[in-house]
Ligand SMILES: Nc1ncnc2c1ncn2[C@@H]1O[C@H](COP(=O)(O)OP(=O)(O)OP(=O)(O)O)[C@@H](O)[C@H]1O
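First, one chain by itself in structure tokens, the form predicted on its own.
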């Protein structure tokens, strides 16, 4: 693995209770790169992202820009600039769109004091958080028209936009996306991936994306890894992975 990698994962092992899911996963992602994680259901893709964000106990080494994240709590890892958009979006349904977005900035050191929902509903006045709300709106203009609407009343696509927008409020250095296209119409999925690529290019945000739509994931990624049964069985550039006959037959639907 490159010594200059921004994210390095070495011999990562993780699971739930006594059940081991990841068996010595190692990978490296350069700063500003998009890395796609492919594989069948049950391969450990979601567990990998949960391990990177501190949601499951791990053995092994995880480093972000040299900082050791191994075994750290989710809030500590978030303060290091890691934002995780989980499968199923994790939106706070009873809260408004604006409240959800402001919660994304909760662990930031430059935020204004946010003590409960009264502050989330009412703080104004040109703060860095307010500026980032406007920044998120440039990527997701529809959210600006829904600010006072409760998140549970949004469409599936809008909820996914909200989940990604909330993650961007952290000003992440590393963005983890778990199945962002799940349950969405193809046109909405295409737009989401266009925005993810724009965020990556404009803000140099490093992205690790787990995605069932391998075509789309490989179209925006620089590198990719294929997981099977908790182990990486294939790694390379997105072009190399796309050209691999095994991947083509298993995930892309054609023969090389």
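Positions refer to the first chain, counted from 1. Remember, it's a predicted structure, so these values are computed and weren't measured experimentally.
Omitted here: the form predicted together with the ligand. The next part is about that form.
Stretch in contact, per heavy atom within 4.5 angstroms of the ligand in the predicted bound form, of 43-51, 64-72, 214-222, 27-35: Partner-contacting stretch among the options: 43-51.
Residue 12: touches the ligand in the predicted bound form, heavy atom cutoff 4.5 angstroms: Residue 12 lies outside the contact set for the ligand.
The ligand contact at residue 21 in the predicted bound form, heavy atom, 4.5 Å: Close contact exists here: in the predicted bound form, residue 21 approaches the ligand to within 4.5 Å, heavy atoms only.
Contact label in the predicted bound form: residue 87 to the ligand, heavy atom within 4.5 Å: Close contact exists here: in the predicted bound form, residue 87 approaches the ligand to within 4.5 Å, heavy atoms only.
4.5 angstroms heavy atom contact with the ligand in the predicted bound form for residue 179: Close contact exists here: in the predicted bound form, residue 179 approaches the ligand to within 4.5 Å, heavy atoms only.
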